[in-house]
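There is one chain below, alone, in structure tokens, taken in the form predicted on its own.
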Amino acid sequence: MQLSTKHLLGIKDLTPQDISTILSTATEFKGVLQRQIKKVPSLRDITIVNLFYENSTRTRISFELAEKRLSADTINFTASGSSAAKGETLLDTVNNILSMKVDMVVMRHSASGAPHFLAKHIPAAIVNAGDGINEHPTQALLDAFSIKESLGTLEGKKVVLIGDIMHSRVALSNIYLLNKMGAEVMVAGPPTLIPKYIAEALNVKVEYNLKKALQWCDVANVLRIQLERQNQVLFSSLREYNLAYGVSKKLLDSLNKEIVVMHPGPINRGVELDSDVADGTHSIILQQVENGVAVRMAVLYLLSGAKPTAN
């Protein structure tokens, strides 16, 4: 099995067949993770550098674990304690790393387009682990895998993304993926956090009333309020936000249906999601975390061009 692209820069660049291939490969690797010995030699001769210019405990650990489960050699690079903090350019840093004969680069950067820049200048395969407010493709893939695992299919399912759509690379990657795979997509939240062009540009429904959005959907993917990316006040207070757009157990109990609740993490408990929902029966948040390792194993394996050794 092969992908149509050498890199994973964004969901925008993948075909529906690519997405299906990644999800089916992830199913096989999830089986590996259930075994007593959770390691396969698939990437034994592959060297991967994790190049993180932006803090991310969850995504970095998930990629590191995926790499170790595949038996890859890994190098971890964080910008805060590196030459990058001393003024070295991105291309200089990567060329120095590539001189160590690295095969793949997993990269997170605060600048949108940074992985695309690298892909044009270096021969290694690039995996985008989040770039600015552009995309976070492996998060969308693990979200899709988790929905499919819970509901059997993506096609025809109604998924609402709730919260800070304006600043969310998770939202953009999810929208691209769900549209490609035949799901119906809605975004919900305060008008100040939803781009005005989004309905026409990205083929989504827009809803400003949370209860109506939840009544419509099969799956609610609740997004974190990204205060660090907001350079102006876009709602009155976190308390006010919670009252209008926080997903509570009382609200879910008032619906005449069961829905699946997701969150890419980290959760602002008591803001976008109450604890009794995050930890409740509707939630598949812990499954998302587990599935993230299997999905990232699938992506690394498929981009490496390695011969099948998973079984």
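Everything quoted here is computed from the prediction, not taken from an experiment. The numbering used is simple: start at 1 and walk along the sequence shown.
Note that the form predicted together with a small molecule isn't included here; everything after this is about it.
- The single contact residue among 248, 56, 268, 242, judged by any heavy atom lying within 4.5 Å of the small molecule in the model of the complex, is 56.
- Contact annotation: of the candidates 221, 139, 168, 146, the single residue with a non-hydrogen atom within 4.5 angstroms of the small molecule in the model of the complex is 139.
- For residue 109, no non-hydrogen atom is located within 4.5 Å of the small molecule in the model of the complex, even though that partner is not displayed.
- Looking at 270-278, 64-72, 31-39, 48-56, the stretch with residues near the small molecule in the model of the complex, meaning non-hydrogen atoms within 4.5 angstroms, turns out to be 48-56.
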